[in-house]
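Next up: a single chain in structure tokens, the form predicted on its own.
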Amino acid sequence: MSFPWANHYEPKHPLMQWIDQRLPLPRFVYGAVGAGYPVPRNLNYWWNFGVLSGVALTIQLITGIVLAMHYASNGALAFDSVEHIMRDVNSGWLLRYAHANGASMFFIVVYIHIFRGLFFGSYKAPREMVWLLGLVIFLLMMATAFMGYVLPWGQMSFWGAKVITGLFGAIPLVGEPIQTWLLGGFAPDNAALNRFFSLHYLLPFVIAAVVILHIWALHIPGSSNPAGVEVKGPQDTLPFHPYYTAKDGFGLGVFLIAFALLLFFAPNALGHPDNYIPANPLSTPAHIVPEWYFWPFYAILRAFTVDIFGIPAKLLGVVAMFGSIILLFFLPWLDNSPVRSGHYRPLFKSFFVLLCIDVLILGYCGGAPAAEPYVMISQVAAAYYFAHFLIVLPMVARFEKPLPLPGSITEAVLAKNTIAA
């Protein structure tokens, strides 16, 4: 974000002047996260979760690289190599639990980040590219997490791989060749494990590259803000450092405390006990479920139980599951309201709360057995999920009467402080 009133980097030391002339990296850092980057002065703690997502990604990269030094991507050795990491490698248990629970923490902060963007209209012009790149990161995260879940080669890993890759087999004509190509054979085995390990190691670096693009795209229009109005002048902004580095530092401390509590006191709370049983192709678990962060989409997949117009229910479920994510790419054009922030959209706010409840219901049903009444509840919740974006949002944007917007960010801040006083 370029403002004429922004502070510009001017190195004083001769060494820094020499470096800046040949590789302006200090100037870039100063303008990206330092005092040279003005941001709206009314950002609250909901804006911390972008930084926390970056911290979570860094934790995953560091722990993953070290774990890869001890892991064996072979069907006969994978499970034992994980046990070797847990029992014989110095602090191996800490690395393994930090990586496994770090994935859950990563998804928690990203989900909050996404829903913050949904409520405050961060997907609206001129920030469409920021939103689209964020969704690309989310898709890459899901692919990386799925492949990582397979690597321990326990019962849930094996059967999860079989079920998820089997979804591609539902695609007419090309489905089975794609499934065979993904697995490197007709069932999960050494070839599949090697493929998933290679991609699981590679994709986090791809995610890091897209994160850089995401931040770059964010710096062009600047950060959104709770009021949803654009910056009018220097009175509407504050330097990122020290004001928001301190605020993000506090949020980071809370995040690390929560992460430590999970890591040291309940490291297996979010995992599945069947994954501590070695993979056995001849013994199917009674209840196959993915990791908890996939449950809402798994519920949408299982919501289709009857063929419709000759289209197999399995294919409909696969299309709906992927469609539930692809739908978000069109959100900037589905919601035509000129008002960004949900604070000034009373009708939108009510439906947003309903959407949050709906996603929580889908998540609960996705982790429940594939039986009644969970299947029926999943069907109703999945129907509302699509209706919210395809019907409710366009209708609300057309008929809603928003509250009066503040004239500027400063006016919104002063009004809030006056009310508080």
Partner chain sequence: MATGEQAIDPHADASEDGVRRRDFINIAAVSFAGVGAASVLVPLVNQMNPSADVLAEASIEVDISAIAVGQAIKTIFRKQPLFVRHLTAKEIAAADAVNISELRDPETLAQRTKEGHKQWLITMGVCTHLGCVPLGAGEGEIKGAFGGYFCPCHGSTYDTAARIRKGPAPKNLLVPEYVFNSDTVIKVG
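Positions refer to the first chain, counted from 1. Because the structure is a prediction, the values reported are computed rather than measured.
Although not depicted, the form predicted in complex with the partner chain is the subject of the following passage.
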Ser198, Thr284, Asn190, Ser91 - the one with a heavy atom within 4.5 Å of the partner chain in the predicted complex
Ser91
Considering the partner chain in the predicted complex, which of Pro242, Pro177, Pro126, Pro234 comes within 4.5 Å of it through any heavy atom?
Pro242
343-351, 290-298, 203-211, 68-76: which one contacts the partner chain in the predicted complex at 4.5 Å, heavy atom to heavy atom?
68-76
Would you please decide whether Ile357 lies within 4.5 angstroms of the partner chain in the predicted complex, comparing each non-hydrogen atom pair?
no
I'd like to know if Leu95 sits close to the partner chain in the predicted complex, meaning any non-hydrogen atom pair within 4.5 angstroms.
yes
Taking the partner chain as it sits in the predicted complex, is Ile215 near enough to touch it, meaning that at least one heavy atom pair lies within 4.5 angstroms?
no
Check whether His84 has any heavy atom within 4.5 Å of a heavy atom of the partner chain in the predicted complex, and answer yes or no.
yes
In the predicted complex, residues of 245-276 near the partner chain [heavy atom within 4.5 Å]:
Thr245, Ala246, Gly249, Phe250, Leu252
